[in-house]
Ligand code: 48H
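Just one chain is shown here, as structure tokens, and it is the form predicted on its own.
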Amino acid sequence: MKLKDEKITKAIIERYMNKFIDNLDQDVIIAGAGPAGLTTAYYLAKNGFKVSIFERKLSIGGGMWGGGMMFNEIVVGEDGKKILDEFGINSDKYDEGYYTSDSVEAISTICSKAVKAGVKIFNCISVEDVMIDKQGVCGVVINWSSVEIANLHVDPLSIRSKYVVEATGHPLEVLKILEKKVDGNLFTKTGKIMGEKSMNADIGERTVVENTKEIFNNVYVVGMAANAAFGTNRMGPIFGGMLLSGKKLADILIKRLKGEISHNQKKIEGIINVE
């Protein structure tokens, strides 16, 4: 069979557009495809929820690829190792409470598991704004990253979701939009982005999980974005906290989404009043 170049083009455009259209309205949108965002997305999709990730870069996986200063090994603690084990990622004990893993194996496996669970990842797309209704944030506004880089005047498109996750790490791209454009304060002590503090792996690993929570109506923070938002320490190339943060947020959102399903079902059955 002779291959036709135009049919290859047609196949790519049709399949991509079908995927894109199918994700115009969903349960959760995650901005940023680092390890925390990918982990959150994996557990959500595994539990049957519709979730997609928008990543401004061509590659996904955030900073995990490079390990520490391009030595492609990462460190996780005891609890983080349990998630590596669940993903089937090899790890070796280095000392009591310290485990190392090949960073390339780790992040490529997490990416693959997330996609196979049903997560849709759209790379080279930036979140440049959010959608707002009376209940709070109800989606995101997106554009090609190349449009942003070239500073072209091209209008964006919008995607609706029940919840939005800020997983852009240090840059806090979504929260900066909220601070600049949306009425109301963030759920921090100051009502504003508090900014990350200097390196302290012990504090950072603990607080990244503690800070994984709702930060604005229908907006949640995960991974390094959580510490940067709530003003606690960075932790460098130890990634157990990132994975645990992702798992914690997935559990929070699963509970909230299941609560909405139960509430709506009761409305249908007439158990509660419909306003």
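Just so it is clear, the structure is predicted and the values come from calculations on it, not from any experiment. In this text, residue numbers run from 1 along the sequence as written.
Another form, the form predicted in complex with the named molecule, is not on view; read the next lines as being about it.
Since only the chain is shown here, I'm wondering whether Y42 would be in contact with the named molecule in the predicted complex (any heavy atom pair within 4.5 Å).
So Y42 does not count as contacting the named molecule.
Residue-level contact is defined here as any heavy atom of the residue lying within 4.5 Å of the named molecule in the predicted complex; does S126 satisfy this criterion?
Heavy-atom contact with the named molecule at 4.5 Å: present for S126.
Is there a heavy atom of K50 no more than 4.5 Å from a heavy atom of the named molecule in the predicted complex?
K50 lies outside the contact set for the named molecule.
Is K213 one of the residues lying within 4.5 Å of the named molecule in the predicted complex, judged by heavy atom distances?
No.
Is the named molecule close enough to P35, K57 and M199 in the predicted complex that each of the three has a heavy atom within 4.5 Å of it?
All of them do, each having a heavy atom within 4.5 Å of the partner.
Name the stretch: of 76-84, 161-169, 90-98, 113-121, exactly one has residues whose heavy atoms fall within 4.5 Å of the named molecule in the predicted complex.
Within 4.5 Å of the partner lies stretch 161-169.
Which residues, if any, of 57-71 lie within 4.5 Å of the named molecule in the predicted complex when only heavy atoms count?
Those in contact are K57, G61, G62, G63, M64.
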